[in-house]
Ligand SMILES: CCC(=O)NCCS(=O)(=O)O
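Encoded as structure tokens, the following chain is the form predicted on its own, with no partner shown.
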């Protein structure tokens, strides 16, 4: 999801969100007290399958897939106070006359950050997404930002859209004191259990680790979570997705930590590259490291990105141009895309683009900018399928 760890002086002004996980007891004798990189995988029954909130499915059933979305979450951890003169509009109900302000200042309204209040609207969006040709949503809400797998299971049943839930922990500002005190081994056990047994006190199992959140610089607690992620991935053979800090070198720094801890970079997605790496040479250098390259902020066009004012958020046309560049450079097998919807104003209910924007608006643009239908299908179908399939 779009980043959003505040600097320390800002974070003190923000409401702390406590982690939303409950540890599910591991089967007696199931886990090693220490998980060594490269150890034999714990789970074999998931091999060759994709794990959704309704159970394991054949990868061929996924269809067109958005690899980074949120369907229910709270993002108050990253509230960004509005300018003094904007206090009235920031505190007003969401209505037609303030939609443009919200588009430019999505994190300055507390109400806008409570996507968890819009389950009915999200359901309607998912039904439209399915009618538009969508098949699967990877739901990246992790512990700390109000993950709700029970709601995800209900949405999957009621809409027919495959939903894959995320295990693990978001950025440091959302880590509880308990989480910060945990050892890498304890964090690993929690992540593995969320995949094998269920999460947040339910039997609903996660099918991906992430989005694992990191700030810049990466904090000590985040480093422990990254190591635990790599250890769990080595055990499970599962997909991982990362939220990097807002610095061009952040994605490579994360990859290095994962590699040293035994992670599988070929089954790891690096999110938010459209707000992180802008230089084409630097992008190609990072691409050589072997992760999936995710452009996941389609539909988000704002003048000033509050978390790093030096960033000029690209337009959708610029995002498509970058995809065409990567395809021309031979990376069509390593690209995935999404919208990373995480605030109310991006839902169609509030005049936003919704979860079907890529299918209905971006794909036609891609086809006019040097990306052919076979390459589009790779990006939307084949690449997500290969990534999400357990080894």
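All figures in this text were calculated on a predicted structure; none of them were measured in a lab. Numbering follows the first chain given and starts at 1.
The same protein also has a form predicted together with the named molecule, omitted here; what follows describes it.
Asker: Within 4.5 Å of the named molecule in the predicted complex - does that hold for a heavy atom of every one of 70, 73 and 275?
Answerer: Checked in the predicted complex: all three residues contact the named molecule.
Asker: Would you mind picking out the stretch of 356-364, 334-342, 59-67, 46-54 that comes within 4.5 angstroms of the named molecule in the predicted complex, counting non-hydrogen atoms?
Answerer: One stretch meets the cut-off, namely 334-342.
Asker: Only one of 162, 227, 246, 205 gets a heavy atom within 4.5 Å of the named molecule in the predicted complex. Which one?
Answerer: Checking each option against the named molecule in the predicted complex, the one that comes within 4.5 Å is 246.
Asker: Exactly one residue in 286, 107, 216, 298 has a non-hydrogen atom within 4.5 Å of the named molecule in the predicted complex; which is it?
Answerer: Only one listed residue qualifies here, and that residue is 107.
Asker: Quick one: does residue 169 come within 4.5 Å of the named molecule in the predicted complex, counting heavy atoms only?
Answerer: Contact check for residue 169: no, nothing within 4.5 Å of the named molecule in the predicted complex.
Asker: Could you confirm whether residue 305 comes within 4.5 Å of the named molecule in the predicted complex, counting heavy atoms only?
Answerer: Although the named molecule is absent here, residue 305 would touch it in the predicted complex, with heavy atoms inside 4.5 Å.
Asker: Does any part of residue 149 reach within 4.5 Å of the named molecule in the predicted complex? Heavy atoms only, please.
Answerer: Contact check for residue 149: no, nothing within 4.5 Å of the named molecule in the predicted complex.
Asker: With the partner left out here, check for me: in the predicted complex, does some heavy atom of residue 209 sit within 4.5 Å of the named molecule?
Answerer: Flag for residue 209 set to no.
Asker: Under the 4.5 Å heavy atom criterion, name the residues of 139-160 that approach the named molecule in the predicted complex, in sequence order.
Answerer: Going through 139-160 in order - heavy atoms within 4.5 Å of the named molecule in the predicted complex - there is one hit, 145.
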